[in-house]
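A single chain comes next, written as structure tokens; it is the form predicted on its own.
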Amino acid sequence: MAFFRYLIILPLIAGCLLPSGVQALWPIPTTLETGLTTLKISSAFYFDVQVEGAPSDLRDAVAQSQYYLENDKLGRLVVGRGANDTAAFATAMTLSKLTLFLANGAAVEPISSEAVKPLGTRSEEYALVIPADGSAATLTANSTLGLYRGLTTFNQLFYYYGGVTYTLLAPISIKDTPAYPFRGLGLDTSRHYYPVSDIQRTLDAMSWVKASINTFHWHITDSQSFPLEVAQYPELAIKGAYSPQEVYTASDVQYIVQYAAARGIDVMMEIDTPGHTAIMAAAYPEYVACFEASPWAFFSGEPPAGQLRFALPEVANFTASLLTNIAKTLPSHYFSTGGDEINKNCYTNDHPTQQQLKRTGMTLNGALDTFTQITHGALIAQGKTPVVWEEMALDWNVTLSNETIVMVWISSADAAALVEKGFRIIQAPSDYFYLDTGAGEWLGDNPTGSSGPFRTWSEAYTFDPLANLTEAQYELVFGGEQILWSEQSGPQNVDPIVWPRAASSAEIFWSGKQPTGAALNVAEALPRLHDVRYRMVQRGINAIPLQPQWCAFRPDACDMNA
């Protein structure tokens, strides 16, 4: 039974505004009804899993929800942190259990299997009902993945004061489904190495916003380091990592992939080629042009210079083999080959490249097209869908398969040109979604330089994924992501750089709009994002404050025109 095939916007008690106290929910559900009754969690509360043959990762998710329910102990973000709520406790009914069901006929698969299915085939919808009279709450979904999404929503609804875990909003009825299938967070672990524990913590935080961030885009290698162990090409990590301790082993990768999948997150790895590959010269110098050429700015986007000699057949075959040997170890259907910031100057005086172009009569553009056909063809043969950056389609105009997904990054304005060409796109525009900018220039001897303006959560939240597109093109927008490039970031500051800012795109691409049908609104969202941040801090994430605490306890009091 597909109970959630059609959605109806439900009326809210506060008309066009979200009901007071729903600042707990992020991302905001598709439909939402709440009341004004206080409901307490019983000291004997339990999750009743009515799923025959429930997989172990669903059981683990339930145990995790039980732990958070008992240990979050988050006070409401109001003056007194809930002290004024105690009068209602004496007469409040008590909730003893949440019963989990799969819809009739739904297949029982592990969350980790559901999480890595192709985009558009994952069933993430759920329905959550919490009565006001203390009778059992129910969570129903078409998949274990949907149940997991619903569990995270359930945990967000409750606060704590004086030994009581409670909500003021019973009865509660939620039906929820994502607006877009791809909702990502990108992390560059090449310019600085992040230990596995830091990646785990990031994945945990992703899952707490209803795992609405369902893809970990892992930019694992770049010109500065190659920290990935590849069994068939061990010299890449041996000679390309910063140190033997700063390497992701095959077991590390599998652990991260499995850890993510159990939390409803797919891992899309990126091996950027043919640019951003200078470090490969440490192991394969004959495959890299303009290695460490000077001045670097003439040859590359940032130091060190060096790009694969993609015109050479042996380099194309090597790259195809490298990519497929990595991709075959990953369950994701998606694999990024990058393709951004390829600098033509690198090849102008590169003898092997020029010799090959002269011998074959090819242009550099034609050689890149051939390289792409070989590398992407190898991935497609393994059942992988290639993902590339926008220059491959807009600047080089290489032949890409119809299934290829293109990521927008240079400017949000470029989306229109990509969908005009018929490409499916992921929105990651630097003018809204880059998390690394605003820290000042990182290049030496350039004191007046800039890394670009800091992108606030509220600026990111105003992004419209469908701007300048026709209605017929909307279906080509698969979703989007915020991304952290790590020139100035590492394990020491990843939490405050990413959180809670990365939650802004999570709501854009999960919710799309408010339950009333109104557009997402920064003023409405701010109290809820405060809640996200405080709950993350309770759980050990060093998320940056959004405002002075005085403001967080007084919604709207610090608005510009308050």
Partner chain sequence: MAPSRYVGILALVAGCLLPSGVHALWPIPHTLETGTTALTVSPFFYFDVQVEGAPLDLYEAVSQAQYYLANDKLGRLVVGRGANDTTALVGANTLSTLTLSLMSGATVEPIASEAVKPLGTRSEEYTLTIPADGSAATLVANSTLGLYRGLTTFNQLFYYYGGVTYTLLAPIAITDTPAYPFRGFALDTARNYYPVTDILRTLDAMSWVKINTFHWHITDSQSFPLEVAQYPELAINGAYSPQEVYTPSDVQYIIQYAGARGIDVLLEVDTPGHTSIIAATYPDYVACFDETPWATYANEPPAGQLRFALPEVVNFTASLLASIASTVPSSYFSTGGDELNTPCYTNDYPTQLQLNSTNTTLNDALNTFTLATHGALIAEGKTPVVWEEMVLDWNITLSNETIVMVWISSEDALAVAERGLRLVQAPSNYFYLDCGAGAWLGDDPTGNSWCDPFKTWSESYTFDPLANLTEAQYELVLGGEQLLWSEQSGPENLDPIVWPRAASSAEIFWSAQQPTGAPLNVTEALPRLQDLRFRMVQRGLKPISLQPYWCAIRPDACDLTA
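Positions refer to the first chain, counted from 1. Computed from a prediction, not measured in an experiment: that's the story for all the values here.
Just so you know, the form predicted together with the partner chain exists too; it's not on screen, but the next bit is about it.
Put simply, of 411, 317, 462, 86 only one has a heavy atom within 4.5 Å of the partner chain in the model of the complex, and it is 462. Site annotation in the model of the complex: the residue of 439, 362, 108, 466 reaching within 4.5 Å of the partner chain with a heavy atom is 439. None of the heavy atoms of residue 101 is located within 4.5 Å of the partner chain in the model of the complex. Taking the partner from elsewhere, residue 279 is found to have a heavy atom lying within 4.5 Å of the partner chain in the model of the complex. Interface residue remark: residue 175 is not counted as part of the site for the partner chain in the model of the complex, having no heavy atom within 4.5 Å.
Remark: residue 356 does not count among the residues lining the partner chain in the model of the complex, judged by a heavy atom distance of 4.5 Å or less.
Proximity to the partner chain in the model of the complex, taken as heavy atoms within 4.5 Å, picks out 242-250 from the listed stretches 128-136, 373-381, 242-250, 466-474.
Relative to the partner chain in the model of the complex, residues 292, 304 and 447 are all within 4.5 Å by at least one heavy atom.
Contact residues in stretch 168-198 (any heavy atom within 4.5 Å of the partner chain, taken in the model of the complex) are 191, 192.
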